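This document starts with two versions of one protein chain, written out as structure tokens and named structure 1 and structure 2.
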Structure 1
Amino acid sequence: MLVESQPDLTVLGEADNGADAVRRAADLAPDVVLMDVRMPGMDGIEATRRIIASGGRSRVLVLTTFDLDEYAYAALRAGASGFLVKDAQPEDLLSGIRVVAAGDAVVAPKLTRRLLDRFADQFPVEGETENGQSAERLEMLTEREREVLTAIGRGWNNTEIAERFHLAESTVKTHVGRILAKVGARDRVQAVIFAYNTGLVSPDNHG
């Protein structure tokens, strides 16, 4: 009802479980899939992984029961473009859908900080080759881009970054775009993960 009340949003379909969600996403090719995590049969993590792996246009926004459901990080690793809590304010949910549809990610600053804290010991240990590649990508960044990436990793939004570094928001957006391209990140979620995996951000320095 909430989505249908918006003139720019349309509900194309609904699914009862993960397997059904994968089939419906393939048939309907929605811009955004609102994905629950805990479902009978195939869960939302596997469904997200399959939808993203299919190479279709659909982007996934995961809805969690709690602000940091234990599966939130797994959902992001599976390719989700972000996550929101089910009791989020209506305007936040609608905004999240629009942001993801536009190709960006929903990474609420407070949730990002807590995500890093809670899942610090669960980030996968990358192989030497991948670590080397990450280091090489990090070296490609200018000093300013590294500062902005660190801020992204800390969960700051563009407005906060612009204020901190005395930049125009348009300049910050340009920096963010270049950073994503250089480090091979699809969106801000992956940029946060990259910043964490390369040591730019850690639980004791993200405040």
Structure 2
Amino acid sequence: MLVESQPDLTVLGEADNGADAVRRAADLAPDVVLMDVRMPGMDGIEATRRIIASGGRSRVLVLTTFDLDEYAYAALRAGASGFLVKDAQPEDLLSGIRVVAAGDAVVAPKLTRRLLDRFADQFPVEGETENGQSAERLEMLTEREREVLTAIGRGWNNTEIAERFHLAESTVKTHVGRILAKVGARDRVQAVIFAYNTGLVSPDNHG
């Protein structure tokens, strides 16, 4: 009703499940498909993927819940042109439809926060800037700490590290704690990821 009330927008069709949505999108070739992530039968992500893959010029705008969960990211991979929350303000919904129709993309502000956070996680600065943040954080580790981090990156637990370095386990814990603080990791798992991303350890050379 909201969409129909707009002179420049028209509802071409509706569907209450994914398979039907794919069929109707193919038949009607709408400029924009408003897709609910959760639907009976084929879910919205798979439907989005197929609509995009079909090669038509329909763009898919996903309606999601308050949080950006894995379904949302899956929809992103599938080629969605944006995300809006289901309880969005009418004007925001209409605005989003027009933006997507124009070929741009839109993300609800509440979701953008999370999107950016996660995006930042995936793109450490050192990737493109040569002397980025992580390299600096690697530099601020002491020699011993780098050794311990390398050991962590090889999958050793604190006991093993203590044994192989002839240290007390409490000492290892002290080092680990400082390493986590310095590189900004929450636990040793994230420390391993850091070690890989900085090149301190590389795939397939752990003995």
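We call the rigid core the largest set of C-alpha positions that still match within 1.5 Å between the two forms. Everything numeric here is computed off the predicted structure, so don't read it as measured data. Structure 1's sequence is the ruler for residue numbers, which start at 1.
Structure 1 is taken from the form predicted on its own, while structure 2 is not. With the core superposed, residue 55 shows a C-alpha displacement below 2 Å between structures 1 and 2.
Residue 155 is among the residues whose C-alpha shifts by 2 Å or more between structures 1 and 2 once the rigid core is aligned. With a cut-off of 2 Å and the rigid core superposed, residue 183 has a Cα displacement that reaches or exceeds the cut-off between structures 1 and 2.
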